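Heads up, the chain below is alone and in the form predicted on its own; it's given as structure tokens.
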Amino acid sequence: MNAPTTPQGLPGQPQVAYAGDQLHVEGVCLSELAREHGTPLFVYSKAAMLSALAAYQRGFAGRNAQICYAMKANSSLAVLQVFADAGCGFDIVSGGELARVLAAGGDPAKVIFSGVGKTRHEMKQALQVGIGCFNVESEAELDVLSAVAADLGKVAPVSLRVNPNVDPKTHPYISTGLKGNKFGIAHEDAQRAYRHAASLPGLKVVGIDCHIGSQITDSTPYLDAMDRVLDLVADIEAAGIAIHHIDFGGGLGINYNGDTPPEADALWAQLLAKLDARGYGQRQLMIEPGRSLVGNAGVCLTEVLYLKPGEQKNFCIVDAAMNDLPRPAMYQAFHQIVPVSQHSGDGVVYDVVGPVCESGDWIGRDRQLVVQAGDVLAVLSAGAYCMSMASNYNTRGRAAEILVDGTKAHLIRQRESAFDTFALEQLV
């Protein structure tokens, strides 16, 4: 067999390559996985995750820093286990995510609880296991969290998520740092909110947090946001409130279709230079990367069911749908689509669509493919915001998942049956 070579059209995914005419993830043949486990099927590369993490670790070498994986990107237990074993903490946004962290062996003391709508039950759950910090997103939340902590006889460690009104230049649905977004406390209200937090008996101020959006491919918004956050740190500490850690969130983009985000270590070299210049280089730093750790580590395998020629469009109908891969329907997002087994011949331009009864159920538009019914396609860069956002729409069971480690393929989630989708329901 020929040595694997990366073909044109596999952006950012060095662990995904052809050996001869067969696509592999690391040392595992994807057509064999599709035959054994069926489709749709998500396949993740452990080496790709650890390689992406290593870029952050290089960037923070010698610094007092904690990397907290933003698990909303992909919350599968085995994925969490990979990052827990690598020393990561976790950024969570629900009590359910906290339960997953604990089930995967994560350290609750390295957990940051973000999100605008934490319930009292979730706050109590997090306090009881001793999480590291709550990222508080409103003044009303400060009051509730203080009361919940006081009722438990505890003190909740908090940082306030500040909205710096910086444009991340990304899709409006994943922009989080502008005045019109629901997240965080307005920059101009931050000092008052910190004074209020410091006055509450159930809280201890430990840090400041900022997160401006997702799939950011330019370093400028990060640098602008850092300046605004550091200005606030100076003002807050001048008022006598100590800030022990500075959390700069996540949001670094990946290469979906010729995107050119900075490498994590290169980005942090710029940010750390600014921190050093302003005298904050020795503070404890927290970051919350998600997509950039897992996005390009995953592919989704899907079988071609039918080819449907038309007067205006040709359709390649596959067995993966918007419930499996929601990003195109939700964000008009682009994913590369390539054959698992390469064929010779002239390509035809297709819209790649799923079987769900929605016109928005498409995976890729205007793709030139050499394909026939029964072939398996690989949808690339599917490691983030795919399985974690998957649903059972049309009573479709969620896909199985595989974690590849070298030449070993581990089944980490079984395919859901139709019965699984309604097992908790009951007739009257």
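Bear in mind the structure is a predicted one, so any value in this text is a computation, not a measurement. Note that residue numbering follows the sequence shown and begins at 1.
One more form of this protein, predicted together with a small molecule, exists but is not displayed; see below.
Note on the interface: of 248 to 256, 311 to 319, 103 to 111, 118 to 126, the segment with non-hydrogen atoms within 4.5 angstroms of the small molecule in the predicted bound form is 248 to 256. Think of it this way: in the predicted bound form, the small molecule has a heavy atom of just one of 296, 214, 323, 159 within 4.5 Å, and the residue is 214. Between the small molecule and the residues 70, 33, 387, 377, the one pair within 4.5 Å by heavy atoms in the predicted bound form involves 70. For the marked spot (290, 327 and 331), a heavy atom within 4.5 Å of the small molecule in the predicted bound form is present in each of the three residues.
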